[in-house]
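Have a look below at one chain only, the form predicted on its own, in C-alpha cells format.
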Amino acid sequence: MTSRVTSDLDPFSPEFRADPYPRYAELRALGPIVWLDRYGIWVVSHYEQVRAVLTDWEIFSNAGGGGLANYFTTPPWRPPSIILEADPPLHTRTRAVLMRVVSAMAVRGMRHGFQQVADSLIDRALVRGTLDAIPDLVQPFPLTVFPDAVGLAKDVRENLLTYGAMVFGAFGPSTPWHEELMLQAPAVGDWILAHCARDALTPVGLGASIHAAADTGEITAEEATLLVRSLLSAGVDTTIDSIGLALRCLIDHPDQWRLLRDDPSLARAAFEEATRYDSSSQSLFRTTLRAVEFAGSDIGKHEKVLVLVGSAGRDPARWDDPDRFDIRRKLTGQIGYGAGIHGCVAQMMARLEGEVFFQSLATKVKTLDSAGPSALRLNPGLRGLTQLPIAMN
C-alpha cells in the first residue's frame, strides 16, 4: 500500500475560487497527486499529471461524469452527453461526426460573419465609451455567432445561459444557488432538446450537418439531437468566460494591451496566453475504470480525480515565469481546452472567436481602461466574470 498525501483545501469554496492560484501552488508543493479529505476525491495539479490523466481514457474515464457526482453510482440529472460524458466506442463514432462538421475548412468559412458581429458590437461600445463589458460587449458576441453557426433560431436563445449554468454548476458540490437553479431543470431541459431537434434548426448550419449524419446511419436521429445539445453546451458559456477573462488580462496588463494595439496580428496569441494564464475551464473530473497505481498512490476503481487545468497552466515545471502574462510567449502544449480524445471539440471555433474579437478591438480601440472593480462568479462551475466596467475610446 502506497502512502497517501492529504489536504483539507476546498477547491469549490468561494474563497478558493476568488483567487485559486496561490492555493494551486500549495497543492503542487504537496506532491503529484493529493487526496482531498473534504470530498473524498483525488486531485492532480501538476502539468505532467494533468496531461497524463486527460490523455488516458482507458483508466480515467469521462463516462463517470465531468463533475463531482459519480455517474457510475448516481444517475445524472439529464441524459448524459454522448460525446463529453462517453468513452469509446460510442465516443469514437459521435466525435467523428462532430469533427467533420467543425472541420478547419468549415471554421475558416465563419470568419467573415464573426468579424461583422465583432465590429458592430465594438463600434456600439465605442459610442457609449463607458460600459460593463460582460453583458454589453462580451456576452452578446458568442451568444450571437455560435448559435447562428449551429442554426438556432434568433428568437429562441433566452435559456442558453440558464442551461449552461445548470450544466457547469453541477460540476461541483450541491449548493443552495444550484438547487434553486435546478428547479427549472425539467422545463429548460425540455426546451434545449426541442430546439436542438432537426425541425427547429435552420436548413443550413452545423446543426443541420449533424442531423444529416443520421441520414447516412452514422448516428441515430436521437443521437443527432443530443450532439447538437453538446455542441451548444461546449461553445457558448466557455467562450464568453474566456473572452471576458482575456479582456481583463489586457486591462490589468497595459503593456500587453499596447503590444496588441500596435500589432493586432497578436490577437490569437493574446487569447491563447490568456487561456493558459486564467482559463475559464479551471478543472475537470475523470473517474477511474479500474484500480491503478498512479504517481505513487493507489487509486481504487470508480474513484473521482479532480484535474486542475488552471494549475497546470501555472506550473513552473512546464512554463518559464508562469505568473507573468505575456502575449509574445511561445506556447506549445497549452491545455486550457483539455487534451486527448476528450479535448474541447469546439476549440477551433472558440479560438477563432477570440482572435476575431481581440483583433477587432485592437484595430478600433485606442485606449482601454478599467472603469471600476471587476467581479467573479464564485459559484462552482466555470470561472468567469459577472462584471467588468471599462472605458474605451
Ligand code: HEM
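Residue numbers run from 1 along the displayed sequence. Computed from a predicted structure; not experimentally measured.
Another form exists, predicted in complex with protoporphyrin IX containing FE; not displayed. Remarks below refer to it.
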### Message
Within 4.5 Å, heavy atoms only, one stretch in 341-349, 355-363, 35-43, 325-333 touches protoporphyrin IX containing FE in the predicted bound form. Which?
### Response
341-349
### Task
Spell out, yes or no, whether the shortest heavy atom distance between Leu84 and protoporphyrin IX containing FE in the predicted bound form is within 4.5 Å.
yes
### Query
With a 4.5 Å heavy atom cut-off, would you call His211 a contact of protoporphyrin IX containing FE in the predicted bound form?
no
### Message
Contact with protoporphyrin IX containing FE in the predicted bound form for Gln256, defined as at least one heavy atom pair within 4.5 Å: yes or no?
### Response
no
### Message
Residue-level question: is Arg314 within 4.5 Å of protoporphyrin IX containing FE in the predicted bound form, judged on heavy atoms?
### Response
no
#### Entry: protoporphyrin IX containing FE: the contacting residue among Arg318, Lys304, Arg95, Arg248 in the predicted bound form [heavy atom, 4.5 Å]
Arg95
## Note on the structure
Heavy atom within 4.5 Å of protoporphyrin IX containing FE in the predicted bound form, from candidates Leu308, Leu231, Ala274, Ile134, belongs to Leu231
### Message
Contact check in the predicted bound form: Asn62, Phe146 and Thr238 versus protoporphyrin IX containing FE, with a cutoff of 4.5 Å between any heavy atoms. Do all three pass?
### Response
yes
### Query
Does any residue in 279-299 get within 4.5 Å of protoporphyrin IX containing FE in the predicted bound form, counting heavy atoms only, and if so which ones?
Ser279, Ser280, Ser281, Leu284, Arg286
